[in-house]
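Quick setup: the structure tokens below cover two forms of a single protein chain, split into structure 1 and structure 2.
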Structure 1
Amino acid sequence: MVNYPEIDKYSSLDSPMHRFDPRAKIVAFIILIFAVVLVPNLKLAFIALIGAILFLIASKLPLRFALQHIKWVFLFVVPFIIIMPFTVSGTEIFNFHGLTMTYEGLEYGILVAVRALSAVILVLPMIATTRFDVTIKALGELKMPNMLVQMFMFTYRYIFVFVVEFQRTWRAMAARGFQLKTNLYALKTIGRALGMLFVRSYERGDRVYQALRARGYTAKPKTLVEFKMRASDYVWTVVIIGFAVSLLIVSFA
């Protein structure tokens, strides 16, 4: 079964992060995320993590929501923490039948995990505090190529339409006793269901194009946007980029 994207579920709350101009917010946090992933030692990584958590707290997003979105990163970094202590050479912590666990390996594994965690936490104050369509508009204002901005707009919209469509197909299959297993028969059935999804979306693409043309669409980027930088936006921008630059200076000086 598939689920809706709900990243902007809490975008209507009020917090300094919610009020932060989306353009400045994106630029500032992306710079910070780049700085965070490049810190070379555990001490700085933990400082970055604390910073990330503070920004998350400032965003007033519910903890449960935040954890739901953060948890995926663990799936990816857990293997690193488990395997790296045994693959990096250095000071031995213990030796088990020729399998050596090193201090350096453990440290590096944790470093990777903490950097990954800090980065993913920072995505939340950056993205989850603005309605996603506004974020896309902000990307347009930040000079992302027009074709891509429009693709983001339309793709985002139709994801919701197709989730509904696919859920309907899925329920119809389940109603006729289909069970999701990994065997040839099940794969063929899923193949057909997905094939049908692609056929229908291909046909829908035609109709959407006709409907767009009927309203004078010319592939030019046009939406009304109301972005305005206020004093507090400059302050937050300076704080976030300042934090990023400090991390980089301490890292590489």
Structure 2
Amino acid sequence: MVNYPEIDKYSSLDSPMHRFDPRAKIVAFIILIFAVVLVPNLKLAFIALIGAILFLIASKLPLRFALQHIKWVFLFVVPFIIIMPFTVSGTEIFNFHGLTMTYEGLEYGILVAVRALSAVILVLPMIATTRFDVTIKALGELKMPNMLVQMFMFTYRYIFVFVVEFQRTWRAMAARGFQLKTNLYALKTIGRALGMLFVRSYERGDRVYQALRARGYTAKPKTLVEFKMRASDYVWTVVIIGFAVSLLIVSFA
């Protein structure tokens, strides 16, 4: 069974984040994400993390769904926590055969990890609470370059097609006796399979482009959704941007 990476799987739920106008939501959360990644000390980073968790709770997204997406960030932040304590100079914690761990390095590694985790958590209430086609329209309303909007739309649309294609290729390999092992033969086989997938992707993309031109596609996605700011949208916008500004003011005061 194919496990589709649907970011808007729970966009039909009802919560303050789901009712939040998509345009204001994108702007407010992007400002907050930038504020979070600029936080210079660990204390404020943990405050930002708590705020991100509260916004995630307000979105009412299932915990399992959130963890499924958040877990990947640990693959990137764990190396910082491991390497930074031994590469940043500062107050020595301990020394083992010339390998020195410093307090400043450990603090900086944790800071990077917490900021990254907070940013990823904030992406979920921003994106996962709105249907993807509505998000695309909101990006267009915010005057994002149309080329980028089209790239986002088609990339997301054909992720599912390529997942099915790779699953089909993998089943064919398994039917011919292929077993995933840590040897050169397995790596070459996987490389060939990925190369074939890229070739098929290019060919499919060309066919889709020709089909769209034949149907008079105008590169302007249309939906039945109409945006309208309400009082609650202004309140949430002020709350989120106010939290972001507060973090920056305290950081650089």
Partner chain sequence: MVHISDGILSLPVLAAGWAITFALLAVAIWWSNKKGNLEEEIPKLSVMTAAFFVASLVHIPVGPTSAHFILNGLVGVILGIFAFPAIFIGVVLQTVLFQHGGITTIGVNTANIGIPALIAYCIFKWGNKVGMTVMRKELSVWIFGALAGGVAVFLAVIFTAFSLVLSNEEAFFAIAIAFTVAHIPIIIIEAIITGSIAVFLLKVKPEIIGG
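Computed from a predicted structure; not experimentally measured. Think of the rigid core as the biggest set of C-alphas that the two forms share within 1.5 Å after superposition. Here, a residue number simply tells you its place in the sequence of structure 1, counted from 1.
Looking at both structures, it is structure 2 that matches the form predicted on its own. After superposition on the rigid core, the Cα of residue 99 moves by less than 2 Å between structures 1 and 2. Once the cores line up, the CA of residue 67 ends up less than 2 angstroms apart between structures 1 and 2. For residue 167, the Cα coordinates differ by 2 angstroms or more between structures 1 and 2 after the core has been superposed. Core superposition gives residue 156 a CA displacement of 3.4 Å between structures 1 and 2.
Relative to the superposed rigid core, residue 183 shifts its CA by 7.1 Å between structures 1 and 2.
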